[in-house]
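Let's start with one chain on its own, the form predicted on its own, as structure tokens.
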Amino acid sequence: MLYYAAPMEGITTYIYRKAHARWYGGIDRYFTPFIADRKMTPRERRDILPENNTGLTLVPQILANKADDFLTIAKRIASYGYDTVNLNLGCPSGTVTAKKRGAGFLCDPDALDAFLCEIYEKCPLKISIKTRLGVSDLKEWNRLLDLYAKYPVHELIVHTRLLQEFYTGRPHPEAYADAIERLRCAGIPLCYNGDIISWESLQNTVDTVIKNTPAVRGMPGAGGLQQTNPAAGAPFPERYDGLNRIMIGRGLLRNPALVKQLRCSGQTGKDTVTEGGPDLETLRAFHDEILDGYRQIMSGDLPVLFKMKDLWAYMISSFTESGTVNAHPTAPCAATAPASTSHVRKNAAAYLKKIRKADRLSAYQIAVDNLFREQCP
């Protein structure tokens, strides 16, 4: 199984990625937050510099709805030695979709078709796509699949929700099964994205996809992750194209060890995600490296605090009553939505409030120190 780390604007910067790779690892590909400026801002350039991303595989992501803009940005990215870029057709943020970018571009398949025709003809890089199922109706997915099948898509990453569903409600893995059925002949590799937050959610997703994919279901022994391939010592679905790539976003932000735990579960067949509590010593080291990284490149306390508070909206999930991550933000834009504290230990929730109220790094560090001191055994 290949695991990808989804991009999250403002959070999964190179500072975060390097720290995650050092303390947790297990990610086959990290994707950058989208680049939308033709000229590329200094921040965007710094984020993709090879020297800032040593030791990990990185795929830069582009947000554009004009072919000239996409090609200009891709050319700049190529100058740094990259051979692949990812087109963002999945972002549901209102400020993005109002300009018919991200998932907003899906509302005009004809314009999208013309756009893809030009960039696949002229771009010197391989182009993968991250998409949603449509805007407001699952019937739109058929048209989009027909469109994607026309082009040499390097990889299609499918967030199994509609634009209007944002990050709420259940995803639609059955629509992913449709993609496997329709794109197998086109030879387009597929990657699943959508609410993988535990070993159980991964099992259920794979089982649902298999049940809804006749071409897979009919093969001998198609029984989901519970069955293993003894010859390979790996989860059974790895034998099928379309079921061997998983992208994780919010689940990884809440539990940085998630992919490492999923890999272990796949090897042993036991749920190692829910066994025991989180390793708070590693989480603290991970946090401290991120904090130090931002302090080195940012001037003043407030910019650093903004970055760390955004991260804590997710990371507080490590301090739950059960010791496991079991909840997630459900607001339309999960990148900015504060995490619900209903599942968080009472004292941890109190410290989170202090973290959010801190207007100086000194006050922030005291709150963090006290949180880890109280929660660590």
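All residue numbers are counted from 1 along the displayed sequence. On a predicted model such as this, the values are computed, not experimentally measured, just so you know.
This protein has a second form, the form predicted in complex with a small molecule, left out of what is shown; the following refers to that one.
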| property | result |
| --- | --- |
| Every residue of Glu9, Gln61 and His159 near the small molecule in the predicted bound form, heavy atom within 4.5 Å | yes |
| Contact stretch among 246-254, 106-114, 134-142, 282-290 - heavy atom within 4.5 Å of the small molecule in the predicted bound form | 246-254 |
| Residue among Asn88, Thr97, Thr205, Thr213 with a heavy atom within 4.5 Å of the small molecule in the predicted bound form | Asn88 |
| In the predicted bound form, the residue from Tyr30, Phe70, Tyr351, Phe34 that sits within 4.5 Å of the small molecule by heavy atoms | Phe34 |
| In the predicted bound form, Gly194 touching the small molecule (heavy atom, 4.5 Å) | yes |
| 4.5 angstroms heavy atom contact with the small molecule in the predicted bound form for Tyr167 | yes |
| Phe319: touches the small molecule in the predicted bound form, heavy atom cutoff 4.5 angstroms | no |
